[in-house]
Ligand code: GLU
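Presented below, as structure tokens, is a lone chain in the form predicted on its own.
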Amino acid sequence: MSDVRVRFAPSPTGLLHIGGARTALFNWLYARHVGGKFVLRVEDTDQSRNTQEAVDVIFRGMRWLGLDWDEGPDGKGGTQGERGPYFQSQRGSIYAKHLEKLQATGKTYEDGGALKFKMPKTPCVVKDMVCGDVTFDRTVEPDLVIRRKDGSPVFHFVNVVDDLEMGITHVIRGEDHLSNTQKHIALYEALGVTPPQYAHIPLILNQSGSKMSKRDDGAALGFYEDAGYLPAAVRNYLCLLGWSPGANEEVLDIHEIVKRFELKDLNRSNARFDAAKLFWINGEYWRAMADSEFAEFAKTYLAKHRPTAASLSESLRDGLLRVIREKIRTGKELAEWMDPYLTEDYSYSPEARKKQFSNPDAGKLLHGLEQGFAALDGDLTDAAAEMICKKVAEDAALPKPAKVIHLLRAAVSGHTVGPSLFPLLTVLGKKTVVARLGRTRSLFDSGKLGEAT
């Protein structure tokens, strides 16, 4: 068992940023790769900004990604088998002890009610496992506030104390923290302790090339859960933001990534977030899902986002899922493609109104389709639906049935795109298809399907 100990130390002040999620992931990967420990620590000393809701967002995001942590406050695990995390707000006595130790060195002083640490005025070389040796000129570095006027400790101090107390051996965090490291090293030296090893990972940039901020679309991890991405796919993609498995490989099982992950392989250059690539990777995982996995995913996602789907008969629901799955790649798309079949009072899209129902001949074709399906003897099949479309096209002297098929889709779903039409009709069944055709024809005849409606 390795003695490596790493940590993820988020502040609960809002959403779990995609960059924070990647930092947690890289720490988790390294711990699992070397057989070390992954510690979760909530840095909640700023009580004016912290919320329980934000804490819950962090926990939910990590669990969604499958990032389990190893240690709780007692080192043995918490309630209900859940281990950790540490909360800085519960560690005041520990900080007080180390503050006294630091004051005893003569390197602190009072200033306006706050306590400051005398920063050394000598150069500092940060030996970083990703960035290499980085030199900081501390000759003009201001002294560091380590305790506020109200008596609360400051981030830099408690960060160092916690890493020291928890035996953290490697600090893996975003490159935006690199400038803080020379301050932390000074505190370690003043306390007479060897600092951990540092690995500052590259920033994540948005498509414009600037640092991805909370205001950017898709910056929050929760966005992808709500949109119905698969957590394994998102996790896989995040691994590629700053690390490469080599050999042009991109879709890898997490166990294989754990096996290969090395800090020395982290990229020095910043990573650009590519939503299209993430969508593609999600599609690869989507196609690879077993039927039982997809059924469970669909059940869970629809229960939250389309609870009315539960009222469908099992045969209809399963049939719709089967024909829809081929065409979509996320839970959000699944829900949207299910919408037309969750009610018989479905709406018609602007595209359907413009492309299909602006044709004055649509009424005659709809009437022919309605009669054709109503007269069908026996169960509706793909072949029977195709024959009806061909017959209606022939009766209307159309060279091909394409116009009839497109109109039929719009009539039974309200949309111009969707699952393979004939299998969809078979799933809906003759009675429903006839009823939907009748509804659409009636609305068309009454002038309610025009573009301006």
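On a predicted model such as this, the values are computed, not experimentally measured, just so you know. One-based numbering along the sequence shown.
Quick note: we don't show the form predicted in complex with this ligand, though the next part is all about it.
Can you pick out, from 211, 148, 156, 177, the residue that has a heavy atom within 4.5 Å of this ligand in the predicted complex?
Contact residue from the list: 177.
Residue among 9, 25, 433, 18 with a heavy atom within 4.5 Å of this ligand in the predicted complex
Only one listed residue qualifies here, and that residue is 9.
May I ask you to state whether residue 91 is within 4.5 Å of this ligand in the predicted complex, using heavy atom distances?
No, residue 91 is distant from the partner.
Contact label in the predicted complex: residue 116 to this ligand, heavy atom within 4.5 Å
No, no contact at 4.5 Å.
Quick check on residue 173: any heavy atom within 4.5 Å of this ligand in the predicted complex?
Yes, residue 173 is a contact residue.
Does any heavy atom of residue 70 come within 4.5 Å of a heavy atom of this ligand in the predicted complex?
Flag for residue 70 set to no.
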